[in-house]
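A single chain comes next, written as structure tokens; it is the form predicted on its own.
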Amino acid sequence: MSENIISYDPSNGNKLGEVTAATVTDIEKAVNNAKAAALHWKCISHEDRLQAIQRAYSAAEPIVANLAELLSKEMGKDIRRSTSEVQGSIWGGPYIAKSCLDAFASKESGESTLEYVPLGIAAIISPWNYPLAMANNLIIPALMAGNSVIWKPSEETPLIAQAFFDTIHQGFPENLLQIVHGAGEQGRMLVESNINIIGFTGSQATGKDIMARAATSLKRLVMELGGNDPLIVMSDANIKAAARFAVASSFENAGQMCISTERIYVDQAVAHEFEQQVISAASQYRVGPWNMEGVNIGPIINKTQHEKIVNHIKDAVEQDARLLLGSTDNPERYIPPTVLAGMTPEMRVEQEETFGPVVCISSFTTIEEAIERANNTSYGLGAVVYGGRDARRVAAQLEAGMIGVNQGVGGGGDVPWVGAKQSGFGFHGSPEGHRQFAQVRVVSR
């Protein structure tokens, strides 16, 4: 019997709507339909696939405002950020698709031809913090490679995913792009079904579970598994710029972002000045629901995540961290701008991904100490260094897939989105990332 997944407004707990969770039968049907849909799709040209994606995504252009409002209500981010995500996703779909043309074009190598052919069925399991953008980054290369796609969005944001799907899927051949809803149970059923590749963005724990289940049939994997990103601030850094970046990165999307700055190591010679600059910048942020004017920190997605953040703050303070801004007594659903100093390796804020609007600062006496602590984690998504002439040398010693020097990570252009260590298995973005959704085939003559 099907169960309903209820979606709540994280700012007040009110019910927004519900969707029907997929059953075993639903998933089996979706897989069978996807297999049939792929038969035609894999035979058409990459240019024809691009045109189909362009047509499908253009259908969403007239309803940007409606989609943005729903995204704000369901996820909690302010309307400016939601509008940016919706517009970026509508523009980004065709952009990513176009960048796939060269990635999947056949390549001549001596007397052989390298071809990039479809794997079959791609299961895309996407997160709640950027419910359209993160899904887009995986769905589009999967489609352009010639695969059919079954999309399981997060159970926290099913309504915006369904609304977006309802708008774009009509531009594709029947059942080429399907959506199934559910939580962990449905995710496990999908992973264990007769699919060929899994694209996943989410937690380390879930990623490891997916890997174990996929191993029985050696399914391909492309996974981004969160981060615990460090920032190193050297003595010759532009302190004001470093502080502004630290706050903006820590507070973006209420800190619910995989590349948020989670741990800051600042040279003790400039630590006091840095802390004062951080307090000044952090004090300008306003907390509240998406439709309140001037709000730039929205609610935390659910009670479990809220409790985790609160417990991280309390744990730090109990171990003698200095609370420079904020409180250990936080309101329900929200975490006001919080700044902690005196972070130590024993604290949960250093060991774990907090995923909330908390700036965590520690000072160092030698750069070797800072590098060691920055690397002392199973994560390796992003890392940032602010400094002068030696900043690049320090950056080269950090264990992360994406590193920023006097700026954030991610860069411009068509570069990979890639995590090192346990922050990633495979990667997406760039021609090399796109190709992970295809099978390389060598034809010799």
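Just so you know, these numbers come straight off a predicted model, no measurement behind them. Start at 1 and count along the sequence shown; that's the residue number.
There is another form of this protein, the form predicted together with a small molecule, and it is not shown here; the text below is about that form.
The candidate spot formed by Gly184, Asp209 and Phe355 lies fully in contact with the small molecule in the predicted bound form, as each residue has a heavy atom within 4.5 Å of it. Picking from 88 to 96, 197 to 205, 314 to 322, 292 to 300 the stretch near the small molecule in the predicted bound form, with a 4.5 Å limit on heavy atoms, gives 197 to 205.
Note on the partner interface in the predicted bound form: the residue among Ala243, Met343, Met144, Cys258 having a heavy atom within 4.5 angstroms of the small molecule is Cys258. Put simply, of Glu224, Glu74, Glu350, Asp78 only one has a heavy atom within 4.5 Å of the small molecule in the predicted bound form, and it is Glu224.
The small molecule is not shown here, but in the predicted bound form it comes within 4.5 Å of a heavy atom of Met134. The small molecule is not shown here, and in the predicted bound form it never comes within 4.5 Å of any heavy atom of Ala34. Contact annotation: Val247 falls outside 4.5 Å of the small molecule in the predicted bound form, judged by heavy atom distances. The small molecule in the predicted bound form comes within 4.5 Å of a heavy atom belonging to Trp417.
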